[in-house]
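For reference, the chain that follows is the form predicted alone, supplied as structure tokens.
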């Protein structure tokens, strides 16, 4: 079955406190986004990678690929107004039935094992997302004054990417009109009535959003190379 990887990278770096968009911030000599592409290429060199970037970022990305000798084959699609619209644009380059993974460009540490498990499960069930258990205590706000109550964290999980889907399901889901409650691809697919399976993620698969995340990423990479 044809395998696609749709990597969405439209971040502007606001929470990172950096003028450079977070997907381009250097990490061990290469931009975060290049680490992400390399992880999927290491998993399966035959998978078709589609990178969704704002059109204004694409010349800079092409320059980085040339300077850093990045030879990973991939196609470019234009980013949209929201993540939802960016995924729609990326899907326009999916031209054969198969399985489509949608992944955050600033999650460079997803494990090869998790990627493979996601594709295997999606082939069986049609839709799957990787998740990890919560470790902190959780509270639920239930009043505008700030009142809260404990929540059962045993019933909750944190969602990661790649989220992998049967391409027919994903196309059907993304023909819907955009809604603000579409927080990820799974929520879009579920809105069409499809069930989404869960599979274990890996704790290192963090989304690099803040300066602290970047420090964690640098330590992780350093430990990997020592």
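Because the structure is predicted, anything quoted here is derived from the model rather than measured. Residue numbers count along the first chain shown, from 1.
There is another form of the same protein, the form predicted in complex with a further copy of the same chain; it is not shown, and what comes next is about it.
Name the stretch, out of 120-128, 151-159, 92-100, 72-80, where some heavy atom lies within 4.5 Å of a further copy of the same chain in the predicted complex.
Careful reading of the contacts points to 151-159.
Name the residue from 38, 190, 168, 44 that puts a heavy atom within 4.5 Å of a further copy of the same chain in the predicted complex.
That would be 190.
Is there a non-hydrogen atom of residue 186 within 4.5 angstroms of a non-hydrogen atom of a further copy of the same chain in the predicted complex?
It does: once a further copy of the same chain is placed as it appears in the predicted complex, residue 186 has a heavy atom within 4.5 Å of it.
Although the partner isn't part of this model, could you tell me whether residue 139 comes within 4.5 Å of a further copy of the same chain in the predicted complex, counting any heavy atom of the residue?
Judged by the heavy-atom cut-off of 4.5 Å, residue 139 is in contact with a further copy of the same chain in the predicted complex.
According to a 4.5 angstroms non-hydrogen atom cut-off, is residue 56 in contact with a further copy of the same chain in the predicted complex?
Because no heavy atom of residue 56 falls inside 4.5 Å of a further copy of the same chain in the predicted complex, the answer is no.
Please run the contact check for residue 112 against a further copy of the same chain in the predicted complex: heavy atoms, 4.5 angstroms, yes or no?
Close contact is absent here: in the predicted complex, residue 112 is far from a further copy of the same chain, nothing within 4.5 Å, heavy atoms only.
For the heavy atom contacts within 4.5 Å of a further copy of the same chain in the predicted complex, list the residues of 97-116 involved, in sequence order.
Stretch hits: a single one, 107.
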